[in-house]
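Heads up, the chain below is alone and in the form predicted alone; it's given as structure tokens.
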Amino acid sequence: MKVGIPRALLYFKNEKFWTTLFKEMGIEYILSPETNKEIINDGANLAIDETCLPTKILLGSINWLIDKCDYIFIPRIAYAHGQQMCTKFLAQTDLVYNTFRDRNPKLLFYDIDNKKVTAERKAILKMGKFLHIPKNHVKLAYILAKQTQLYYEMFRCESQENVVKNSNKNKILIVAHAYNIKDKYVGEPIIEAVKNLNCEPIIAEYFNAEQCIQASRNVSKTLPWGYNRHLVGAIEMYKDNIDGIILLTTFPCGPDSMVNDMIIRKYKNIPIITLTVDTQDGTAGMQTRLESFVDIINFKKGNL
């Protein structure tokens, strides 16, 4: 048996967890390629116009995988950190199945449909049962996968906090979801552009999720999306340690458009730039805007 994992959406949030889980369960997996123009074009052709870019990347990745494996792994996750998710995560199994219904896709998924902390574990056990893997084997694989993901996130957070404390460069906080900032087409060019401007890119996504979500309540007690709370909380926690903020989003994300506006209104004393990536131009033309943004930061600090 071979399971295909699309390199899109929640893969970037759960990479270590998912790959370790399948490895420890003894299941071979294959990843779709990093995002490229072919995958984006395929996804755009399969999606309706109003579909957001990350979902188009998902569909393009599945199009690449569908004939190369026995199952496509598409989990349905309705809640994260006790908060409701964006509808694309709730509906992605149905979206994928109906988009590719003529090719009779075989989907493998787990379903987290409530806020209970045990929901994920129960969903993984149910998936293991479907795969005819002994329950004790699945339990052990789940524990090892969670530990691997946790250690990875802890190391990443500690490393970045050291950069925040010790770097003498302009520190630019890039506020973007994991599936944007870690995507080769969407986020990687922005990170490299910031580095080329002799600034330190600080990734909001890499800070401790629980601490950030708690801090986000100082900004809004009613913000409904857990992943957006993580990003807003990172700004709140590190606002005194950064020199500027890049709000990196993809077209046409509804939650981000609302949250980004709230951030701009809340943090008026920090230079902020919004960058929106779409299927047509990607990050082309953003270099000049980033250069001007860094000039504004240097002027504000009296270095220009």
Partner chain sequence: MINNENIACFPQWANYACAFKYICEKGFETKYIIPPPITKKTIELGSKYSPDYVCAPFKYCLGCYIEALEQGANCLMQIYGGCRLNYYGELAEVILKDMGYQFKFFNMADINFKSIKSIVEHFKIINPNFSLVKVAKSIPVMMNIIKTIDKFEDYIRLNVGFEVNEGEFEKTYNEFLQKLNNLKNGKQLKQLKKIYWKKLTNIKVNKPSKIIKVGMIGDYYTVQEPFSNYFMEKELAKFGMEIHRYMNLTNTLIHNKGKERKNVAKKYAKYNLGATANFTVAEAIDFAKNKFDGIIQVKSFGCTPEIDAMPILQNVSKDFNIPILHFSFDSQTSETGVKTRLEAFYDMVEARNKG
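Computed from a predicted structure; not experimentally measured. Numbering follows the first chain given and starts at 1.
Just so you know, the form predicted in complex with its partner chain exists too; it's not on screen, but the next bit is about it.
- In the predicted complex, no residue of the candidate spot (Asn162, Asp240 and Arg289) has a heavy atom lying within 4.5 Å of its partner chain.
- Taking the partner from elsewhere, Glu158 is found to have every heavy atom lying beyond 4.5 Å of its partner chain in the predicted complex.
- In the predicted complex, at least one heavy atom of Thr249 sits within 4.5 Å of its partner chain.
- Its partner chain is not shown here, but in the predicted complex it comes within 4.5 Å of a heavy atom of Thr99.
- In the predicted complex, Thr279 stays away from its partner chain, with no heavy atom inside 4.5 Å.
- Of the residues Gln147, Asn114, Gln84, Gln211, just one reaches its partner chain in the predicted complex with a heavy atom at 4.5 Å or closer; this is Gln84.
- Among Asn198, Thr222, Asn166, Asn136, the residue placing a heavy atom within 4.5 Å of its partner chain in the predicted complex is Thr222.
- Contact with its partner chain in the predicted complex, defined as any heavy atom within 4.5 Å, is confined among 199 to 207, 138 to 146, 179 to 187, 84 to 92 to 84 to 92.
- For the partner-free chain shown, Ile48, Glu50, Thr51 of 21 to 55 come within 4.5 angstroms of its partner chain in the predicted complex, judged by any non-hydrogen atom.
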